[in-house]
Each structure stands twice: as C-alpha cells, then as structure tokens.
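A lone chain, given as structure tokens: the form predicted on its own.
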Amino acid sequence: MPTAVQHEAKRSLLNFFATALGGCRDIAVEHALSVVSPFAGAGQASVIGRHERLDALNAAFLNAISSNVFDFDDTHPGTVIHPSAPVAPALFALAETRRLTGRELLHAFALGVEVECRIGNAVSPGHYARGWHITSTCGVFGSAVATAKCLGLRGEQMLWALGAASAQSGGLIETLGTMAKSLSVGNAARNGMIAAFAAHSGLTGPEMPLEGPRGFAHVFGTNPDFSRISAGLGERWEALRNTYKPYPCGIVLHAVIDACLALRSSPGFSSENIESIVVRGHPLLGQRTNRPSVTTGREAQVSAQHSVAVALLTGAAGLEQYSDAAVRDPAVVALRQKVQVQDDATMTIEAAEVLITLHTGQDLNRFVEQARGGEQYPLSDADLEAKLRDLAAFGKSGCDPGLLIDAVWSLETSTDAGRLMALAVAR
C-alpha cells in the first residue's frame, strides 16, 4: 500500500472517531442500543464513547450508526458515499476479537474503501438518483472485503463474500432526515462482516454477484460501467479522493453555507433587511434539500432553507446550528420562509450560488465553485485533529482525544490494533 494511501487511511480514521464520538449519545443511537442489547451476545467489542460492550456484530452496527448519525462523516466525490462508516466499525470490532496489527487493519481498511467506492463509481449517478442510499448499498461490499482480507480469504471465498454482501445490500434515500437513515449504514457494517464470515465457513454464492444479469449492478443501477471497478486497480486509489466535512449536513449544502458565511461580511448586509434569498445549484441540491418546513435538527441537516438561515443569522454551521432548538428559533423560522431553491443543470454538484435581495433593493451575490473540505480545499491534518477534539467534547464521553489522535497517527506501528478502542470508550 503506498505511503500516501496509508496516510489518507489514518486521516479517514481520525474523522471516523471524531464523528462517532460526537454522535455516540444521540437519541437514534440510544434507541438502536435499547433494541439490540436484549439480544446481544457476550461483550466482545467496545461501543465508541460509551461503557457498553457487545458482541462484535452489534458493536459494529452501533459504531457505524454513531459515526453517520450527524451526517458529518467523510465523503467520496462523485458517488457521495461515506466510506468509513460501513468499513471502520467492522474492522475495529474484528480487531477486538482476534489480533490484528495496525498495518493489517490499515491495509484492509484501504481495500474496503477502494471496493465500495469503485462499485459506487460503476453505478453512479443513476443508482443514487433512483433513491438508493449508496453509503449503505455499496458500503456492505467494503465491509465484506475488509473483513474477508483480515480473515485471509482469497479467490473463490472472496467472491462468495461479495455474493453474500450483494444479498444484503439495501438502504433508501427516503429515510434522509429521519432516525432510520443510519440503520442501513449500521446494517452495511454488520452484514458485511456476516458475509465474510459466511464465506469463510464455506457458504457459497453466485459466480457474478456484481455483473450478472440479475446481479447488484444491473438490478440497482442503470447502464453500469464495469470498467470503473477494474481500471487502474492497485494503481489509482479512490481513498486519495476522500474528503472531510467542516459542517454536519448534506455535502451538497456545503457550498451554499460557504457562500452564506462570505455574504455575511458583505458591505450593507443585515439579516433584518433581507427581503428574499435565492439559492441556485445542481438539480440534486433541490431534490435532496428543498425542505422549508423542517421540525427537527435531523431534518435540518438536509434542508437548504435551514442551512441558509442559520449561517446568515449566526455566522456558523456546527452541531448547535442543527439542533432541535435552532430549528424552533423564531428568527430562523422566519428567515427560512424567505429562501427559494432554483435548479441549474449547468452547475456542478459541488457548486452553489446564493443571491440575497435587501429591502433597499441592493443585491448581494456569492458563487462558490467548490466548498471548503472538498478536493480543491481539503481539511488539513490539524483541522481533523481539531474536529476530533471538538466532537469528543460534544459527545461528553470523557475520553482523552490527544491520546486517541496519537494512537491513530502511529497505528501502522501497533502490534494490536484492537487496543486503540480502549482509548475511544467512555471514562
């Protein structure tokens, strides 16, 4: 594995622990924990940010949910897959049940990310446009391959693992803005592990789970491009394209937020003098985020109207701005009603334009080609460390973020990757 890929894998894991620590006590995680606890097996693996220990499958399920619940996790451009949430929880749960070196875990993680993103490339953009939650549907393949790599599966058994994963792929865009959204992400992590263990035990699968006439790609996609799975495999790494969010909301909203934050400093700006606001973007922006009447913070994470209102009023777009309290704020409610979303098919998914008309007749305009955190303006290592510290404090687990950060950066030297989880649990 190239040194650059190994470093990017560690950046992804830093972001994974940050978002899992931030979301570890979210109400959706609490509900999921209350459901699985009565059925869980022996306490083999840790639940990030908490005291509970569960069997490896259910620990992976919960850690995937907590890392994804705030929509603050990493994002692969083009597919909008959140690569780490389905893969990292499976590997760390596995590492607590059998010894894996840090180098082995990093290698398996990079391969799992590569597989899920390449499969996502092959079925994009039609797959997501049809309503499949691509993090879940493709993430199960990443979890399966990463786990299978650690189990030593090769050749035919690896193919069986992909087949078992294809049989368990699922997740719908309709769940965005609800607690149910992260359940399929948790299932992707857990089901991928099941697929790998099933193949390891000898459970067979189809010869062409991806490209068969009724395989994953043809059933879940439209005109899949299989060259995007295999071309440059081992030479060009999708992991090096991974991006990290500065804001806990849908990635298509980030350019909108950047534009709003810039407009706040424009001469003549006053939130009290706003007459109307128009947000222009790729049609996907409207399809996913044209939600003026949100009632919860969870819904607000995929609302352009809310994101514009809180960014212009507070000058920030953090977890507090996507809380239930922020959604109910009368000033936010009033400003949301002034926001209109317009489609522009000539714009890229990464871009957005915000036009504010003041009561004086003055127009304020800002176009953002790509937001901070994207491929052109990536978050630095220091930014990711700061994000982990902030979200660890938000989640109130009591863990020492400094020790966890150091352990991730030095993971390739560890003889027991599972020990890292002891630094991520509640104190």
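Note that residue numbering follows the sequence shown and begins at 1. The structure displayed is predicted, hence computed values, not measured ones.
The same protein also exists as the form predicted in complex with another copy of the chain; that form is not shown, yet it is the one meant from here on.
Undergrad: Which listed residue (Leu384, Cys399, Ala40, Val368) meets the criterion of a heavy atom within 4.5 Å of another copy of the chain in the model of the complex?
TA: Of the listed residues, the single hit is Ala40.
Undergrad: Please identify the residue among Gly221, Pro248, Gly297, Gly102 with any heavy atom within 4.5 Å of another copy of the chain in the model of the complex.
TA: When another copy of the chain is considered in the model of the complex, the option within 4.5 Å is Gly221.
Undergrad: Counting only non-hydrogen atoms and a 4.5 angstroms cut-off, does Val69 reach another copy of the chain in the model of the complex?
TA: No, Val69 is distant from the partner.
Undergrad: Even though another copy of the chain is not shown here, does Glu174 get within 4.5 Å of it in the model of the complex, heavy atoms only?
TA: Yes, Glu174 lies within 4.5 Å of another copy of the chain in the model of the complex.
Undergrad: Can Ala167 be called a contact residue for another copy of the chain in the model of the complex at 4.5 Å between heavy atoms?
TA: Contact with another copy of the chain, yes.
Undergrad: Is it the case that Trp237, even though its partner is missing from this view, gets within 4.5 Å of another copy of the chain in the model of the complex, heavy atoms only?
TA: Flag for Trp237 set to no.
Undergrad: Looking at heavy atoms inside 4.5 Å, which stretch does another copy of the chain contact in the model of the complex, given the options 123-131, 225-233, 274-282, 324-332?
TA: Going through the listed ranges, the match is 123-131.
Undergrad: Are Val36, Leu183 and Asn191 jointly within 4.5 Å of another copy of the chain in the model of the complex, each by at least one heavy atom?
TA: Yes, all three are in contact.
Undergrad: Which residues within 176-203 place at least one heavy atom within 4.5 Å of another copy of the chain in the model of the complex?
TA: Those in contact are Thr178, Met179, Ala180, Leu183, Ser184, Asn187, Arg190, Asn191, Ile194, Phe197, Ala198, Ser201, Gly202, Leu203.
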